[in-house]
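A single chain, nothing else alongside it, follows as structure tokens in the form predicted on its own.
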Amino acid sequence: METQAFGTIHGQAVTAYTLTNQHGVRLTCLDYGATWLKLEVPTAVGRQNLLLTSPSFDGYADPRSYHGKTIGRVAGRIGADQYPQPLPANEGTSTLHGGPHGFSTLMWAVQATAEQLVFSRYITSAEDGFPGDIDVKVTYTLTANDDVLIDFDANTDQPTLFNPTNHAYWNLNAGDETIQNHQLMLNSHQRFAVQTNKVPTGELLDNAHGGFDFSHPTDLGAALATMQTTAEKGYDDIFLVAPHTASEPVAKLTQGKLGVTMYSRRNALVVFTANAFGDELDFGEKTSRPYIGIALEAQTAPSAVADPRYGDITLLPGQPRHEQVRYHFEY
């Protein structure tokens, strides 16, 4: 395990922690935001980072920059009035990615071993605006089989919500190209209709028409071309994951020999293709612009906050919750 200084925030030093497995796969995370900074794989021309990564801490200090960060207490968008207690709004009347003081904005304590980085944090209701005080752990594990596991664990003293994820953006190109030359497969046949504020209505739409069918490996460039008549000109959608076992992937992204396969037991996946990214963002070797990366955010459907048909995201005293996302890499 290696460490490197990575800037400061509010007078606190930010540190990057790097794990390397026996094949030379390298995982790097920050203690700020429990952020996934890099995932590097060995190639014939050297290590290649598969994530969009800002080269300095300036790219992560803005609370609106979510790339690579741990998102919670609740991933995605929910109405600030959808829970018995009002939730902290940070996008109009919506709570986006845990609100203005979510997991992604916090410094985390870390315990590091050769294979794991364990980030922990006690978060009070006064700190993030959600009901209840919670103990949270986010554990990154790099395995000998070229998997990265992200485990999310929490306890609470009062009923609250818990539906975290990681907001990594993937780009599998060695050069400065967009994801339009990637292929995407999703284990999904339906997606959620949303209101104008992107909060889901609970209604389901079929993926079979209109550029939303990724049930087989699909060229992202061709799919994005079909979206040019829409307001967003790309994807920012909540896909319902079909019933599946733990060994069945929920998504697979490929470009040439490189591939990322995602596994999650939860029933939803948000797909976002950086549709309106501008040059105000700095990703180092990748020029920020539309379609420079794709976020695949495994979670329980946000509709579950108000509709038990789509799952349960409550965290209750004495009933710890655990969620996991697993990524397998081919290179």
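Here the structure is a predicted model, which means the values were calculated and not measured. In case it trips you up, residue 1 is the first one in the sequence shown, and so on.
The next section is about a form of this same protein that is not shown, the form predicted together with ligand G6D.
The stretch that touches ligand G6D in the model of the complex, counting heavy atoms within 4.5 Å, is 270-278, out of 30-38, 302-310, 47-55, 270-278. Heavy atoms of no residue among R121, K137 and F152 are located within 4.5 Å of ligand G6D in the model of the complex. Among D133, D147, E177, D236, the residue placing a heavy atom within 4.5 Å of ligand G6D in the model of the complex is D236.
Though the partner is left out of this view, K198 does reach within 4.5 Å of ligand G6D in the model of the complex, counting heavy atoms only. Shown alone here, F283 lies farther than 4.5 Å from ligand G6D in the model of the complex, counting heavy atoms only. Using a 4.5 Å cutoff between non-hydrogen atoms, Y66 counts as a contact of ligand G6D in the model of the complex. A residue is said to contact a partner when one of its heavy atoms sits within 4.5 Å of a partner heavy atom; R77 meets this definition for ligand G6D in the model of the complex. Contact residues in stretch 151-167 (any heavy atom within 4.5 Å of ligand G6D, taken in the model of the complex) are limited to H167.
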